[in-house]
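Here we start with a single chain on its own, the form predicted on its own, put down as structure tokens.
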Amino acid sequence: MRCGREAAVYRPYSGEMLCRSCFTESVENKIRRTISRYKMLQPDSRIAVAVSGGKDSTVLLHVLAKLEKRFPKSELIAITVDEGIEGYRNESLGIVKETVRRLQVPWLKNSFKELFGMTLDEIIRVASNTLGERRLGACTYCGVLRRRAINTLAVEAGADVVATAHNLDDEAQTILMNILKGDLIRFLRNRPTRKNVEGFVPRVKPLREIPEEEIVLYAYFNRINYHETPCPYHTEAYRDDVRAFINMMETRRPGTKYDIVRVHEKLVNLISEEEIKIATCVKCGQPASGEKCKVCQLLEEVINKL
């Protein structure tokens, strides 16, 4: 114990026992160190924070709003994408609206419908055959299109950087998924910060060293309201299987998640980002890894089924 007060949290990976106050301070200090270590933000950064209303992004916005008070030249803008998931997204949008009002942060939002002409629900219905089967999972469509929608909002906001709420668990899962899929390009691109690419606002991940469980505890201890209902498509996700495996290993071998992230960082640092070629999509002009970007590929596939 650091302070002599009653312990509320035990960290198996470090052996620490922390009271609520020390735990909150520890999480915030970790986030500050992560931002500083990777030079994620500058004192005068205009930061677009991708906020969905879930625990991770809501906590991220609260912490950055708290840190911003020390840097009066910096600015936060909350950005939110409405994918169009019936019975799910409306509640979370209400939570984001209340959060930005309370924190007095400007808020921009867009939707799949206005950007791509269809909601995610409509895309999934079109992509599915008569038996309800489809070539790709809902999370693939959602992830690709949401990244484009977030970048569109960040450009609209005139942001210098986009802060996303990927936590330690997300990072470890993504790394292992890329290995299992043999996706070397995504494995190498997954870094704490991304290089500047024309048309693409750089992204940073301030929560990448905070375990998911600790984000939940931080929200609970600091009375932060967030959207708890899981996405109705989450059971389709490949990520769920990887999550279960990593959580099992973390239980048996505390520190596994940190080990995965650290060894990944050592490997990607052996290869300069300049060696990862970025092309321009021949259809939309956005950054792409090949002739066409993934957004155009997926939308063409869906449109061809109409």
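A residue's number is simply how far along the shown sequence it sits, counting from 1. Note that the coordinates shown come from a computational prediction; the quantities given were computed from them, not determined experimentally.
The same protein has a further form, the form predicted in complex with a further copy of the same chain, not shown here; the description that follows concerns it.
Using a 4.5 Å cutoff between non-hydrogen atoms, residue 266 counts as a contact of a further copy of the same chain in the predicted bound form.
A residue is said to contact a partner when one of its heavy atoms sits within 4.5 Å of a partner heavy atom; residue 187 meets this definition for a further copy of the same chain in the predicted bound form. Residue 234 falls outside the set of residues with a heavy atom inside 4.5 Å of a further copy of the same chain in the predicted bound form. In the predicted bound form, a further copy of the same chain lies within 4.5 Å of some heavy atom of residue 183.
Partner proximity in the predicted bound form, defined as non-hydrogen atoms within 4.5 angstroms of a further copy of the same chain, places exactly one of 253 to 261, 38 to 46, 24 to 32, 54 to 62 at the interface: 253 to 261.
No residue of the trio 139, 165 and 301 has any heavy atom within 4.5 Å of a further copy of the same chain in the predicted bound form. Residues 238, 241, 242, 245, 248, 249, 252, 253 of 221 to 255 are found to place at least one heavy atom within 4.5 Å of a further copy of the same chain in the predicted bound form.
Compared with the form shown here, the C-alpha atoms of residue 118 and residue 237 sit at least 3 Å farther apart in the predicted bound form.
Compared with the form shown, the residue 237-residue 162 C-alpha separation increases in the predicted bound form, the change being 3 Å or greater.
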